[in-house]
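To begin, one chain is listed below as structure tokens, in the form predicted alone.
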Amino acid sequence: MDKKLFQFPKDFVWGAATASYQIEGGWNEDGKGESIWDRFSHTPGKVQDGDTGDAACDHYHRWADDLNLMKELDLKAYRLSISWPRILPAGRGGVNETGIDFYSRMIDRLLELNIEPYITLYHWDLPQKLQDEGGWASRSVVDAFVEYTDAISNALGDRVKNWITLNEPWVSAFIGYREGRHAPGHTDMHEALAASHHLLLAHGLSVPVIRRNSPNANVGITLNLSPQVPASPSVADRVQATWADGYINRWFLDPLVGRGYPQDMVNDYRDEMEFVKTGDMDVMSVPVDFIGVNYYTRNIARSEKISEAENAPCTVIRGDEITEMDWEVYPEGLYKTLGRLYFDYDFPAIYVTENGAAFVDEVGADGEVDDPARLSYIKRHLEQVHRAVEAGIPVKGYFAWSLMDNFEWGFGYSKRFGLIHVNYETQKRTFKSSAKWYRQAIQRNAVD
């Protein structure tokens, strides 16, 4: 029996993604300022094994070779992020022309290779100087972000037409300022709420700046989203799932489309939220051309407010297939998320801006890296993307996370997400079997 072929639209965008701090290295070279991740990773006990992004994948020096690998992979698009402190070392004022030139040369080469750049302005590496002023919990950082946006979009806007303002503001705000697992490592709920607000405000104010500097640009924002499924039909579990959905999904989705913050969450947080000023919500809901979604797994919500004995038996059970991040492999959740973004929120276009999995990868005696679990993960998620397209959902592209193994934030170098294996001692790059399969999918514009 022949395998089913999932053929994608002719204009579907096939890409891969990275983030500046995770791959670049060169952390204090050529005028670059310190970022909150430089400070955080150099603080003992914050990152597994004491790892830092000082060298990472040495992409700052090896970028030309890495772009050639992208061409060999036959990528049609590359989602990269700009290092804010490489452009404005102090966060504002005093543009570092060497930093501008680094990204400008990269963009020129990408276009020569017929690889379309998709730029993310903020992927978590806030200049430390701005954190010293209060970071995202301080409203003053919003103006600094707009200044940064103006500088880089003015420099690259004649060539770059696809812009993402923020990557996963939920992680920046709640993992960085409430849970403390990410830079700057704070554990203050009020700060987290203020940070979430100022991130969205920065997004809203930067969109018209990008449009001014990059005529005919496509501008959007990327959120990490996942379905929140009650573990049982009990009221307690359904309430927990609704709360988790508000915390992770609706708190950012609703303001973007003019609905304001979800009232159930505002009531639950019981925070003064004095940082919300008149007109802010209008700014946040500036029309965008697309929404980016980073999807990895679902969450099964189980109430902790009643005991297991009082609660109903679980009817939704986590599957047996688990990644190295201890995340359930659940491809159907991507289809559900894509449908929600279109049918519930009416975004005009959607990109899967990250999707991938960490597994244990080893270079074999033959020099090859066989990663069938990752290949299967990507294949099955792409099948769900195709299913969404067939349902009329305007999914325009897919970016695998990640192009190469890299610094995985608090996990250091212990988790590998890449299509390309990186030996961190020698910096040798090796295509994994998933990369070779992905190249074939791109060339066929289809998955089977």
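Each residue number is its position in the shown sequence, starting from 1. Bear in mind the structure is a predicted one, so any value in this text is a computation, not a measurement.
Keep in mind the form predicted in complex with ligand FCB is missing from the figure; the text below concerns it.
From the list 50-58, 406-414, 376-384, 25-33, the contact stretch for ligand FCB in the predicted bound form under a 4.5 Å heavy atom rule is 406-414. Although the partner is absent here, Y296 is a contact residue: one of its heavy atoms lies within 4.5 angstroms of ligand FCB in the predicted bound form. In the predicted bound form, ligand FCB sits within 4.5 Å of a heavy atom of W124. A residue is said to contact a partner when one of its heavy atoms sits within 4.5 Å of a partner heavy atom; W401 meets this definition for ligand FCB in the predicted bound form. Interface residue remark: E168 is counted as part of the site for ligand FCB in the predicted bound form, having a heavy atom within 4.5 Å. Residue in contact with ligand FCB in the predicted bound form (any heavy atom within 4.5 Å), chosen from D237, D245, D371, E354: E354.
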